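The data below hold one chain only, encoded as structure tokens and taken in the form predicted on its own.
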């Protein structure tokens, strides 16, 4: 069988690696570089360009040049070029095929197998879409691997004898993951993961762009603004100021050219992005809480992803953990290296037993179940596999048809953490027929959820009395992941004014260090979410909880 390569399929850049002489080695692209921009250009004749050569067309042909497609993974959105339609998975497959081709050239052999990394907080739909992209690229995807876990593998291979608690803070171009794990003499045991699939360097770029100019719908001007914003962000990671110069960016209505000349200071930039950076504190504290650990228990803090080079991001992590982060892995390359290590474990080029890996399910998985209420009946979310359960996992529960003599049921699978079905994401459904007619509560149905090592769900259901059953992979094609709420806009929500004093008081307490367990941050976040979702009753109940917490801290 062919060698297995590891691929970090990133929002902004992508990398490939493999095991050479027992160690991970980055694979150079056609330009001899190990980092490839995640950009694809489709020419009129159907020709495909990938990487730096494709990125050159962002300014001249943005209509048929695609970047940051990872944000659309599993969304079902349609991309268009030259009158043809493409799914995000098809565009991703072009990038994967290019990276595999580079590996074939460098290794001198056919490559048809890969380990592909995804954010730990990717949904079932997004994982399936990533696997589909690999299939379209003629790759057998041997494993879908969580990015923070890949980074931990990279660190673990070099520190096999250590016994440490590790926090991986992974902030890349488009996603945030926080993973807490234990390293024990070559065993990497993932304890908990939290994250945000809609937060990363891309969002910081857009904040800078908005501060510089309004592109007015001109796509070429927008691309120039974005490039200037990226350059500015990168420069401010090491410098105190950056001069943005964009001559003749736009043409005004009177025909006069509009140029942008602005000096941006690091302090100014940090003010602009403060709220988004601050929003990453809560996932850290929640992941620690889920793992049953505190910041004081952490021995190693690994920073992964290019956005962790931003000084205020680094400071926030260190303040939250009350410890200095350590430059123990390369933030840009460690995920690809870890993917290669996983590939090596699968193909046998790294000895079995040198590293043992356990991972977790990042979401709670369950079904919609009808419950009888005092005044009415309603659907509620009933968990089957709890968040941060070690995978692979298989769990089952018994249910009953809700009405008398019911002969079929539809089992709807969801992921999320709310008892309210509408707050969670529907993954799909299966339909079970042939239930013997009986009075309610007399005919049990067993529902089994099986969650595999790639983070993909299978649902089984059977009639206990007859053995009649159905088993299906939940088809999440086209299921659009629920977008993360922009909590920075909570004050513009209806009724937000009456919550402002309590929230401001809580945020002051948080800043002063009174929220060691993160309880205030969690309740504040939930109030903001409830306001943005126009759930006034829920927000009011949470405000009472917040006021009680504040009273206890007096």
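Numbering follows the first chain given and starts at 1. These numbers were taken from a predicted model, which means no experiment stands behind them.
Not on display, but discussed next: the form predicted together with a small molecule.
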item	value
In the model of the complex, the one of 175, 146, 179, 334 near the small molecule [non-hydrogen atom within 4.5 angstroms]	175
Heavy atom within 4.5 Å of the small molecule in the model of the complex - the one residue of 309, 460, 97, 132 that qualifies	309
Non-hydrogen atom contact residue 201 with the small molecule in the model of the complex at 4.5 angstroms	yes
Contact of residue 10 with the small molecule in the model of the complex (heavy atom, 4.5 Å)	yes
4.5 Å heavy atom contact, residue 237 and the small molecule in the model of the complex	yes
is_contact(residue 382, the small molecule) in the model of the complex, heavy atom dist at most 4.5 Å	no
Proximity to the small molecule in the model of the complex (heavy atom, within 4.5 Å), stretch among 416-424, 99-107, 167-175, 339-347	167-175
Candidate spot 230, 233 and 305, all three touching the small molecule in the model of the complex (heavy atom, 4.5 Å)	yes
